[in-house]
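In the structure tokens that follow, the same protein chain appears in two forms, which are kept apart as structure 1 and structure 2.
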Structure 1
């Protein structure tokens, strides 16, 4: 039996994870962490992870950047691996995750869907073939409750493109104050926020007389939740500390 602690358990993603885990006899949620410490399901909810005394095999985190420092401290003290899905983390937090992964297994991905991770491979291929002759622009759309922009996924996609480009691109998030032609070596990122859009990402390679668009649409939160649960099973099976991501899970599925 896999014992899971769910950070951000009362949020949108937390509730989907709770439903998915309830349908799996081989795992259960034994504790929830949430600043809104209301018990909504059949597990206790703690505002402060350090108050939790349950035995935990792995943590799944879909909360808020402000929760991640305390969560990481908890995981280090208790030697518990964690799947960190929260986005909008600061450079310092990313460095802290890196450092902690030298001591415990950690998993971090700005997007837990299989499709986005496949899309990253396609983008590397596009960038390496199309190279410097095509301008790269990324357009992402999410629901009106999302806190960070651009999305963590848009940044992941930009990083995948950058890895394969023959130049180091500058990420540009806003052009409204600039009065100049588009410089060649940049990746423009544009965020749409509205309604209940789950997550749309388009990467455009715009060349002379042609545009190649690679697009992913998430139609429900289940794709991220299922990916996180699969990642938790994978991570709980890791005996070595390290920083894991979806590419490790995909490799383990082959």
Structure 2
């Protein structure tokens, strides 16, 4: 039985993960951490992780950047691995995670969808084959409550393409002030915000007389929650400290 602590348990993603884990007999959530320490499910909830006394095998964190420092301290003290899904972390927090990964297994990814991370592998292949002969454009769409643009996932996809290109591309987020032809060595990124779109990302390789499009659509937040649970199962099986990501999970499934 895998014992999970869920940080950010009362948030939107926390509630989805609670439902997913409830349907898996081989695992259970034994404790929750949330600034709003209200018990909404069949496990105790702590505002301060250090107050938790339950036996924990792995932590899943979908909380807030302001809660990550205390969570990291808890994991180091208890020697518990953690899947960190919280975004918007500061440079100092990222450095602290890197340092902590020298002592315990940690997992961090900008997007928890297995599909998105597989898409990154496909994009590297496309970029390595198509090279400088195709223009690259990225279009992403999200709900009207999303604060950042372009999305962190769009930047992840652009980075995956950039790794395999024979040149160092310029990321261009806005062309409305440009009155010139498109330069060859750039990756254009375009954001759509509307309604309740969970997340859509398209990467277009535009060449002479043909366009190759690689697209991912998230139809619900379950894909991110399922990815986090898969990552927790993977991380709980790691005996060596290190900073893991979704590429390690995908490799373990092959």
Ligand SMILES: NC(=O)c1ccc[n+]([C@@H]2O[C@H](COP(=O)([O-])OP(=O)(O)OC[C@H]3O[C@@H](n4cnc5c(N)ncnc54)[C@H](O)[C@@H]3O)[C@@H](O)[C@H]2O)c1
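We call the rigid core whatever largest set of C-alpha positions still superposes within 1.5 Å between the two forms. Residue numbers count along the first chain shown, from 1. All values derive from a computational prediction rather than experimental measurement.
#### Entry: Number of the structure representing the form predicted in complex with the named molecule
The chain shown first - structure 1 - is the form that fits the description.
### Query
Pick from 60, 112, 234, 201: which one is at the hinge of the rigid turn seen between the two structures?
For the motion described, the hinge option is 112.
### Task
If the chain moves as two rigid parts between the two structures, put down the smaller part's rotation against the larger in degrees.
The rotation of the smaller rigid part against the larger one between the two structures is 17 degrees.
### Core-aligned CA shift between the two structures for residue 175 (Å)
Taking the core as reference, the C-alpha of residue 175 is shifted 8.3 Å.
#### Entry: Per-residue C-alpha deviation between the two structures [residue 138; rigid core superposition; Å]
Its C-alpha moves by 4.8 Å once the cores are overlaid.
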